[in-house]
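Just the one chain here, the form predicted on its own, laid out as structure tokens.
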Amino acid sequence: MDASLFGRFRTATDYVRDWSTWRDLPETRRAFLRWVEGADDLDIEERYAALRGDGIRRRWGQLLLTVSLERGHRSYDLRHEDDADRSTDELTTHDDPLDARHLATEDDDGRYRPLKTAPTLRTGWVFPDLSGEEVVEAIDYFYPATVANWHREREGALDVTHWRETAERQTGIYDVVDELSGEQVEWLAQSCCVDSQCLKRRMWDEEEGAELDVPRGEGAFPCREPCSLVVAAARKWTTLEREEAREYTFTLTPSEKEQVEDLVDAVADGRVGEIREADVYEGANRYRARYLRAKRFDDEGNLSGVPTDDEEAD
């Protein structure tokens, strides 16, 4: 068989393989798996050449998916994006999608991850050979409902529940969260719903027609309503906002004032662990913080000896 005839035969075979691959899959999974390999952007010859070569890669949050053709069937390699260049032998291998639920529980330091879509997914593992059905199942354990909501958004069918509606339906200890003002809801979204804290792209606002002036994020999958972590944080912010502001007078040097600001920034941005012990030019350096405490805190832990409440001063 000459090369031209072989090429036409293989293309015809690829069309048949493509049709048989997608025909029995549920709509959401079919749409997602076709998106993974760029089926709407690449023609079939280009796509199958890539699948037979190094495969086609897509990122989903911190996950890296690589689809390739192995023995005539699609094989999906799923791993953390930070492990993109590591060989399978260097990683812990898994073949049961259910294992993803356990891998998603703790971060690299063994700390519990209350928010599955936080950018803290642990590294060092790989699912080297999953089927299409299995890879979607594993992703659903890592990032629950993200594929379904992504598909609803593509179909123009994403139902969004905004903050006011979410707050008004809270009961029990969370009943208070509807007290937050519009400005305070802005601060709430700024603290919890940005890319550094969550990989979802926020689609909810204070209410329909009242958009929050906070970046929605760059995530591939949408967030259709305030999550339980946001509601829990809102309860705390609500109780804090009930306090009346007071005026305190502290004595600080200009550098010490800037250091306090650096400390707040470092904690808020999660950078404290990145600051080296020898880098005493950083305001949030541990030794600088200890120096400030030794100099400006009294024996009761009051900044500049100023008590928090009048009763403490008596």
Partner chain sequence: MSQALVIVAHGSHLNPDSSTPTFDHADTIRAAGAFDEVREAFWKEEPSFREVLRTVESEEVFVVPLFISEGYFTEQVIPRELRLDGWDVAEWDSDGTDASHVTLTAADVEKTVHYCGPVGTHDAMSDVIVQRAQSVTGDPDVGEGFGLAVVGHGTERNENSAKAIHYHAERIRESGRFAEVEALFMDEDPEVDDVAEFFESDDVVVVPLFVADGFHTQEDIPEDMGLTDDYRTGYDVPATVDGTDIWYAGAVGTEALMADVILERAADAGADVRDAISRVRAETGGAVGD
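If you're wondering where the values come from, they're calculated on a predicted model, not measured in any experiment. Numbering follows the first chain given and starts at 1.
The same protein also has a form predicted together with the partner chain, omitted here; what follows describes it.
- For the candidate set Ser181, Thr88, Thr239, Ser228, a heavy atom within 4.5 Å of the partner chain in the predicted complex is found for exactly one residue, namely Ser228.
- Screening Glu155, Asp159, Asp213, Glu208 for any heavy atom within 4.5 Å of the partner chain in the predicted complex leaves a single hit, Asp159.
- For the candidate spot formed by Glu37, Arg52 and Thr120, no residue has a non-hydrogen atom within 4.5 angstroms of the partner chain in the predicted complex.
- Contact with the partner chain in the predicted complex, defined as any heavy atom within 4.5 Å, is confined among 240-248, 185-193, 134-142, 71-79 to 134-142.
- In the predicted complex, the partner chain lies farther than 4.5 Å from every heavy atom of Gly124.
- At the 4.5 Å threshold, heavy atoms of Gly270 stay clear of the partner chain in the predicted complex, well away from it.
- Using a 4.5 angstroms threshold between heavy atoms, Thr105 counts as touching the partner chain in the predicted complex.
- Although the partner is absent here, Ala84 sits far enough away that none of its heavy atoms falls within 4.5 Å of the partner chain in the predicted complex.
- Of all the residues from 158-197, those having a non-hydrogen atom no more than 4.5 Å from the partner chain in the predicted complex are Asp159, Thr161, Arg169, Gln170, Thr171, Gly172, Ile173, Tyr174.
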